[in-house]
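Only one chain is shown below, in C-alpha cells, and it's the form predicted alone.
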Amino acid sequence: MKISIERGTLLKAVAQAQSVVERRNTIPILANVLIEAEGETVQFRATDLDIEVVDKALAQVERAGATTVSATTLHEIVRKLPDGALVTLIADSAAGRLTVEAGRSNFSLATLPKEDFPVMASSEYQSNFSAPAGMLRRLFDKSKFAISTEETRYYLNGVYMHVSESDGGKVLRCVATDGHRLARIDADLPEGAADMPGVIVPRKTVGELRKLLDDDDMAIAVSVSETKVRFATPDITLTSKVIDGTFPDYTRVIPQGNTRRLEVDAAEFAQAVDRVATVSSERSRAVKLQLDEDRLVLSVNAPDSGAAEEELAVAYADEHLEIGFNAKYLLEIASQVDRENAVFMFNSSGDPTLMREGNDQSAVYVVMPMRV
C-alpha cells in the first residue's frame, strides 16, 4: 500500500479513530487503526468492540492495500507535522512496517496484520431515517449532563432515545437521569422514525457522536435496531452497540402538580449560584434558595470555610419557600438554557423541582432537592 494525503485531512480522520480505541486493553490489535486504500479513497476504521467508527477520506492511492498501525502513535505524529504538509504512507507487510513520510520527517512504525482486525458484525436495522445534525446535537447535548456514572445502574449509563407522545403528536425524545436529576428533550419526529425501537445510547457513543454533528446543514442517516444504532454522514459512519437493559419509567419522576413559579434570568442565576458556591464544602456543595415575592436569596453556610449570600430580582408571586440543592446540579441545569429566562416550578422543599426554558415545553429538567 502506498498513499499520499494532505495532513489536515489525515489528522481529522485519525483523531476520530484514536478517540474510539481503548487505551487500556489486553488485545493489541484494538489499539490499532485499520487503514484500507482503494480507488481514490482511504478508509480509517477503529473499534473497541462496542463502538466502531469508519472515516473515509480522499487520497492519491498509488498502490491499493491495507494495514493496521497504532492509532495513538499515528495521531501524535500527524498532529506534530506542519500545516499543509503532504503525508505519504507506505506499508510493507513483509517487514511489518508502515513508513510515514512528510517533508524531511520519516517514521517507521510497527504494524499488525489486517486479517486480525475485528470487524463489527453487520446488523439488520428495523428503522432507517434521516435527521438534521443540529436537531440531534440539541437532543444529545442537552440531555447528556444527566447521564449516570454509577456502573451498578448500567441501564442509566446512556441517553434513552425513543419515540413518544407529546401534545397529541409523536416526537423523537432523548432522556437521561442519574436519580438526582433528569433531562427530557423533544424534537419533531423525522420521517420514517415512527416505528423505531427505543434504545439506550451509551455515554461514550454520545461523546463520539458529538464530533459528527457540528455542521448544521448536514443530514445524518440514523439506523436503529434492538441491539445497535448507527449514525452516518457521507464521510463518517459511527456504529455502536446499545445498552442491554430497560430504562426506568421516567414519566413517574416528572412532577405534574408543581404550582409555585419562579422566573429568573438564566445567565444571572447561574453566575450567582457559581459565586456563592465558592465557599461551600466540596462534599455537599449545598446552596439554599429563599423565595419571597419577586426576590430570591441564594446562600451557602459552610462551617469550615465561611458563608455567602446573594440576592436576585426575580418574578415570583407565591408564598415564602426555602429549598436546598446541590450547586453543581443547579449550574448544569441552568447552563442548558438557550433562552434568556429559566422557569422553575416548585411544590415544597422536599419535592422534585421542574425547570423549563421560558415557555418552551420541548425541554424539561427535574432536579431533586437536598436538606440544607
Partner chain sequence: MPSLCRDCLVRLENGRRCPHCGSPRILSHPELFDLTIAHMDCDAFYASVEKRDNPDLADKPVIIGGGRRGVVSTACYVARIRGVKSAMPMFQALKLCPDAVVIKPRMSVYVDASRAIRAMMDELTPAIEPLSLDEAFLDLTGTERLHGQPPAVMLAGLVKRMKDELGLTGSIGLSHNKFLAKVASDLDKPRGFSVIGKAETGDFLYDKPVRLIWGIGPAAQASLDKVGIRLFSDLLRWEKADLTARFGSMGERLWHLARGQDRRRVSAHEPIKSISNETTFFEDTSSIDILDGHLWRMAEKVADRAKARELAGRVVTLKLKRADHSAITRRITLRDATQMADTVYRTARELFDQVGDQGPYRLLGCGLSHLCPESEADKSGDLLDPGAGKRSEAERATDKIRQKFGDDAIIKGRALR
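Because the structure is predicted, anything quoted here is derived from the model rather than measured. Residue numbers count along the first chain shown, from 1.
The same protein has a further form, the form predicted in complex with the partner chain, not shown here; the description that follows concerns it.
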| property | result |
| --- | --- |
| Stretch in contact in the model of the complex with the partner chain, which is absent here, among 86-94, 292-300, 149-157, 226-234 (heavy atoms within 4.5 Å) | 149-157 |
| Exercise: P352 in contact with the partner chain in the model of the complex, heavy atom 4.5 Å | yes |
| Close approach of R181 to the partner chain in the model of the complex, 4.5 Å, heavy atom | yes |
| Residue contact check: F44 to the partner chain in the model of the complex, 4.5 Å heavy atom | no |
| Close approach of Y329 to the partner chain in the model of the complex, 4.5 Å, heavy atom | yes |
| The unique member of V276, M120, V253, V100 whose heavy atoms fall within 4.5 Å of the partner chain in the model of the complex | V253 |
| Interface residues of 355-372 toward the partner chain, as seen in the model of the complex [heavy atoms, 4.5 Å] | V366, M368, P369, M370, R371 |
